[in-house]
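Okay, here we've got a single chain as structure tokens, the form predicted on its own, with questions on binding and movement later.
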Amino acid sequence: MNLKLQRLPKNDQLQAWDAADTLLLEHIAEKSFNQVLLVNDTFGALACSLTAKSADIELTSWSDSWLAHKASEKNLAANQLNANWQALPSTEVPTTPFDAVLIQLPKTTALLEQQLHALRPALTDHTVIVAAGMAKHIHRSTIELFEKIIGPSPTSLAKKKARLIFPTVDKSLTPPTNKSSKTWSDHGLRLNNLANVFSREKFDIGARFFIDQFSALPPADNIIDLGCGNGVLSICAAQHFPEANILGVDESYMAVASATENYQQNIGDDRARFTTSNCLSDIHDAAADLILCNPPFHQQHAVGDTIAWQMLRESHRQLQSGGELWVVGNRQLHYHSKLRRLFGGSRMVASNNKFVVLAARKR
């Protein structure tokens, strides 16, 4: 690609596109579209390439990732592309009859299931649908999902370890029930989890271990739940601190929606708010005296500590003097070394054979 593309968060070790993006763009290179729905365009590679090809094309980027939308905006601007482009959160449903729907396969099958169910009513007999992914992530169950919800879905041969899927709409098809969302009860809580929420089917064991240590939390009036997911840490923090204000932050639209609903269902007051953000980089009005964090160690299929590093750095910035960051993570991630560099040290609150809970105080 002859474009300047960058990941968000910035990571110079990884490129902002993959062979699946390239294969999809090669396949449609000779085709012309007016209105295109881009599904899961991770860092804007599809949006930038299509806009560079035709400035008149109308693009809608539908994603569960707030970061993906911001990365697309930044990459379009960096390449001086004046795109007719709009972001559509995953919690909204595309309704425009599109000429083409271009899908980058998401990491989770549940999100793909939800997206296909939501897409089906907007598809016409003339809609060109192409899905792309790395071959190792396209299983028979992936293709069967397209066939059960959309219609016949032949595939391409693998090229540079990527493959394409070509679904065609079968109007006579009766899709199965959408089971992408899950509701379960645990720890005295009832939690509704949309398709792309982390650990949507059961209590995350790291979060469970973390919550078991909440009786040792220091007093706090302003709490941030960084990477809030379904809001379980916010809910339990609200139970421990009945007067505290709570801010839950996540880059997933579905996580923020789930957390908002779950907090109201389990707590029901107005002390908490939940918002999308690139970690805490867009939060400027919430000085915290306690931050709770269960950092991810991957972004889509890429494993790394870039996001965790950003979470820890920005937590240090956001905390008031004397405030504390509490982190849970797998033992092998060695968060204590990162906290030593940022905070000058940390203390171990609890550990077991898999997880460790660490606390670091801002001086």
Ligand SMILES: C[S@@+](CC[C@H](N)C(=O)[O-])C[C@H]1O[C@@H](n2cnc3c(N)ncnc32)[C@H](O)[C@@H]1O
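Given the structure is predicted, the values throughout are model-derived calculations rather than measurements. Each residue number is its position in the shown sequence, starting from 1.
The discussion below concerns the form predicted together with the ligand, not included here.
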item	value
Heavy atom within 4.5 Å of the ligand in the predicted bound form - the one residue of 119, 257, 279, 162 that qualifies	279
Non-hydrogen atom contact residue 295 with the ligand in the predicted bound form at 4.5 angstroms	yes
Exercise: residue 131 in contact with the ligand in the predicted bound form, heavy atom 4.5 Å	no
Contact label in the predicted bound form: residue 106 to the ligand, heavy atom within 4.5 Å	no
Contact test in the predicted bound form: residue 227 vs the ligand, heavy atoms, 4.5 Å	yes
Listed range touching the ligand, judged in the predicted bound form by heavy atoms within 4.5 Å, from 136 to 144, 271 to 279, 76 to 84, 237 to 245	271 to 279
Complete contact of 207, 232 and 251 with the ligand in the predicted bound form (any heavy atom, 4.5 Å)	yes
Stretch 137 to 157 - residues with a heavy atom within 4.5 Å of the ligand in the predicted bound form	none
